[in-house]
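Only one chain is shown below, in structure tokens, and it's the form predicted on its own.
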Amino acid sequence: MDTVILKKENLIGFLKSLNAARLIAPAAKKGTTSFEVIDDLSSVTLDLNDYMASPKKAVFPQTETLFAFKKQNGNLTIAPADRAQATVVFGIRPCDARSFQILDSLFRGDFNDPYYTNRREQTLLIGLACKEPTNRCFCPSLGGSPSSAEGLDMLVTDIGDAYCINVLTDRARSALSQSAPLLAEATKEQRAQKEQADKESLAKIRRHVDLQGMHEKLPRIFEHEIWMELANKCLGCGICTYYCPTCHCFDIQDEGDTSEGRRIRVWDACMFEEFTRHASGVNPRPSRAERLRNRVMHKFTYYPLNLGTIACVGCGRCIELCPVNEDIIEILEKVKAVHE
């Protein structure tokens, strides 16, 4: 049964049957929805219209310990990072699932990052097709869609009184071994309902951007004054990078004293002035214009050239959350219009 039906009243029972050591799912928290480790299954909500934070922290935490050390009685003990728990991420949007694949190309590319890979291999992704895309979404411009199954183990689609679940991988089939009593094979009518839901959600996407030739053009206008114009209102706050599902810049820090401490990896952002400041005090990107240019070129030129894919999934969080209304679509359109 690769397409199955789950009645909505059985959702909590379904989540329980997955028997995950760690379940990460959207939960209401202080008036918004965020992806959290779930202890109380009744707190899970599938109303994602006000959710902003990317679930990338499931595989790339904002702060993680790489190793810890302790010196006692002249003996030094080093404790490596804990092994990842088997994790189910439930309710992830298709654009965020695609972002995990983009992160894979970096963290599991030329050099295999063991911390990231450890978590990634222990993580099962159950996506939720977007029933109501937001007015900031533009995923089709990046090759996605509100119902894309790319990168997922299962895709859940709301078809009214039930959820239609596409089972996509062998890992997913194995995970459903205890869920059989709650599931039924989808009928022809229910499959048609899912297809109709997919068409309706795609039709609701209102924003688009033409990226044809973008990665070739950006280097040609590297010194153009357009970057100063585009950065005039940027505050350099970094919210666009912290909420972006594909941003992955990090810093390594040591904390502690001579007897005990730890080495940690923490998120960083290329929009911060100190990100590229050398120990000498020299900064090769001293202005916001240069930092904005780098952010745009990293996503739409450097990443495609080096890793074969654009590092943007069209989620539009950077548009929604920017306090001064910087809009990545408008930026790209202005770049496209520049006469070389």
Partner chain sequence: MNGIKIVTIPEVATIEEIRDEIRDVKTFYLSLDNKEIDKNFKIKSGQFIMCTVFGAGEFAVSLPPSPENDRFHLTVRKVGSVTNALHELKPGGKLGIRGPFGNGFPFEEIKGKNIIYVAGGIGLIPLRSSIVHVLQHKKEFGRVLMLHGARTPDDLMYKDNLKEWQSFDGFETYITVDVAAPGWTGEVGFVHTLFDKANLPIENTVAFVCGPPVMFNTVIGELMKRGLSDDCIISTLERHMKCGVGKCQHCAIGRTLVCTDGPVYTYRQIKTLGEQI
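Positions refer to the first chain, counted from 1. None of these values were measured; they are calculated from a predicted model.
What comes next is about the form predicted in complex with its partner chain, which does not appear here.
Let me know the one among Ala192, Ala86, Met228, Cys249 whose heavy atoms come within 4.5 Å of its partner chain in the predicted complex, would you? Checking each option against its partner chain in the predicted complex, the one that comes within 4.5 Å is Cys249.
Answer option from Gln62, Thr32, Asn306, Ser43, heavy atom within 4.5 Å of its partner chain in the predicted complex: Contact check passes for Asn306.
Could you tell me which stretch in 151-159, 177-185, 164-172, 253-261 has residues with non-hydrogen atoms within 4.5 Å of its partner chain in the predicted complex? The contacting stretch here is 253-261.
Query raised in the report: Quick one: is Pro114 in contact with its partner chain in the predicted complex, heavy atoms, 4.5 Å cut-off?
Result: Residue-level check for Pro114: yes, a contact with its partner chain.
Check whether Asp268 has any heavy atom within 4.5 Å of a heavy atom of its partner chain in the predicted complex, and answer yes or no.
The answer is yes: Asp268 has a heavy atom within 4.5 Å of its partner chain.
Given that its partner chain is not shown alongside this chain, does Leu202 nevertheless sit within 4.5 Å of it in the predicted complex, heavy atom to heavy atom? Contact with its partner chain, no.
Should Phe300 be classed as touching its partner chain in the predicted complex when contacts are defined as heavy atoms within 4.5 Å? The answer is no: Phe300 has no heavy atom within 4.5 Å of its partner chain.
Given a 4.5 Å distance limit between heavy atoms, list every residue of 70-90 close to its partner chain in the predicted complex, or none if there are none.
Contacting residues: Gly74, Leu76, Ile78, Pro80.
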